[in-house]
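Only one chain is included here, represented as structure tokens and corresponding to the form predicted on its own.
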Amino acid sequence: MRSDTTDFPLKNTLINNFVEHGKDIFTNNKESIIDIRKQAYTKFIEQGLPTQKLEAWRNTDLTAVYNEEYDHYYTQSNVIKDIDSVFQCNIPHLNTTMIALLNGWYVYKDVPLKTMADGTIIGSLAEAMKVYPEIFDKYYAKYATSKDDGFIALNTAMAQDGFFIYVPDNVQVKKPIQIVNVIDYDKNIFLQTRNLIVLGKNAELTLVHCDDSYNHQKCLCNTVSEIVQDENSYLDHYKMQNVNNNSTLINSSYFYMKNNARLTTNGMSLNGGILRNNNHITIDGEGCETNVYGLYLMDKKQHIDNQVFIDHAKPNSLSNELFKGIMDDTASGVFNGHVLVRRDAQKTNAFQRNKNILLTDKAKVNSKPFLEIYADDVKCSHGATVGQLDTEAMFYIRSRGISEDSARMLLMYAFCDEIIQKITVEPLKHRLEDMVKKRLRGELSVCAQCVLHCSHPEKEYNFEIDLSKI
């Protein structure tokens, strides 16, 4: 289905910018990449920007976003040499190899692309295009195709930089790699970033991907990531989103898995005006295992849209989805989980769950778990719940002498904790525990006598709550 071809001001600006800045967009690009860009641009003109006339966008309205005016970064005005000058990670004891983008461009001290002691290559995608064409050409634009979506086509046509990570065969990267997309601009800005991450055979990587903003300017960030896992590889992937209420993030991640590859991806959405997360996972091998988790805490007029598509193309694989959300005020959410089991994908196990708590009668969630099965020897299930805090659980906690506000806090935190406990990086898990407590206390349920005591991290509290009642 084609997108609506309405001529929004943003679309017209993008068309004019592509013509005006075409020379900048094509700078240092090979002919093959220029061809890919031109084809994607043609596809974008045909598709336009996604609107609610498309089924996949029916519950997410971006009309107001499209009518804004934005600055566009087609050339990097200056190179920031010191990452610490633009970003300070506030996760104690999180020992990572950190690389960053500032307003869509790679930040580096010495070189834009470096090879680590174990052979892992990390750095700027724009630089990798020139230095490692054999890797780049093999994988770039092979999984996120322009026909999928107007935003994918736009990104393929106009993206200038992003992250590049290549883990060679048989390399287990000991230290997590943290990639940070920082937005700090004094005007409204529209960013196109593109990431390419490749794991070789038997490779292992822990990847922490953070989106942060440092002001209250409006931004539209369109990020596309292609993540390729060769045989027997393992990726532990985290996506952290904490941006201002004027931000719109369109995040599209395309995972491709070969035989016996294992993937765990966990998305934590704590703040943002409009968040759209597209997870497209192709299981093109036997013996694969995929776990997709998500937690979203929305309030005020915030909106989140989680789209998950898992394509079981080969037999004997497992996929498991669990998404949880708490919605307050007039916040809105969408969960669309689509599992496709192809005819030859026998012995597939696929499970979907989406659970939501609405704290007001004006908050809402549209949940649509969906199974499309063409094989006959499978185990698949799906389910969704949308409700309020359990009154019996509230009564049970309050009967122990806990106030109503604190009881609500405990139930909400216990509801979130199932997702938080899936995090295997201990410092990250402890920090997320603290952030979720503060988010719930400060935005969703304020109580000066809260039993969680978020301001005193040295004190630990253990609550034994029957999660089946929530």
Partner chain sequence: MLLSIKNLHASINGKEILKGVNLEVNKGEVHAIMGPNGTGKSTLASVIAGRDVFDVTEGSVLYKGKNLLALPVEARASEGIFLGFQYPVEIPGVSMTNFMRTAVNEQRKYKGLDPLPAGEFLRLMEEKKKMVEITAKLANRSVNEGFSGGEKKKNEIFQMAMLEPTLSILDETDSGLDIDALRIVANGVNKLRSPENATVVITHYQRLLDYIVPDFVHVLFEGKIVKSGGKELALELEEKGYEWIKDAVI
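Residue numbers count along the first chain shown, from 1. Just so it is clear, the model here is predicted, and its values are computed rather than measured.
There is also a form predicted together with its partner chain; it is not shown, and the following applies to it.
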Partner-contacting position among L235, M98, V171, I397 - heavy atom within 4.5 Å of its partner chain in the predicted bound form: I397
Selected contact from I420, I33, I45, A414, since only one has a non-hydrogen atom within 4.5 angstroms of its partner chain in the predicted bound form: A414
Heavy atom contact within 4.5 Å of its partner chain in the predicted bound form, the stretch among 227-235, 190-198, 163-171, 387-395: 387-395
is_contact(E69, its partner chain) in the predicted bound form, heavy atom dist at most 4.5 Å: no
is_contact(N29, its partner chain) in the predicted bound form, heavy atom dist at most 4.5 Å: no
Proximity of D61 to its partner chain in the predicted bound form, heavy atoms at 4.5 Å: no
Close approach of T51 to its partner chain in the predicted bound form, 4.5 Å, heavy atom: no
In the predicted bound form, residues of 401-417 near its partner chain [heavy atom within 4.5 Å]: G401, I402, S403, E404, S406, L410, L411, A414, D417
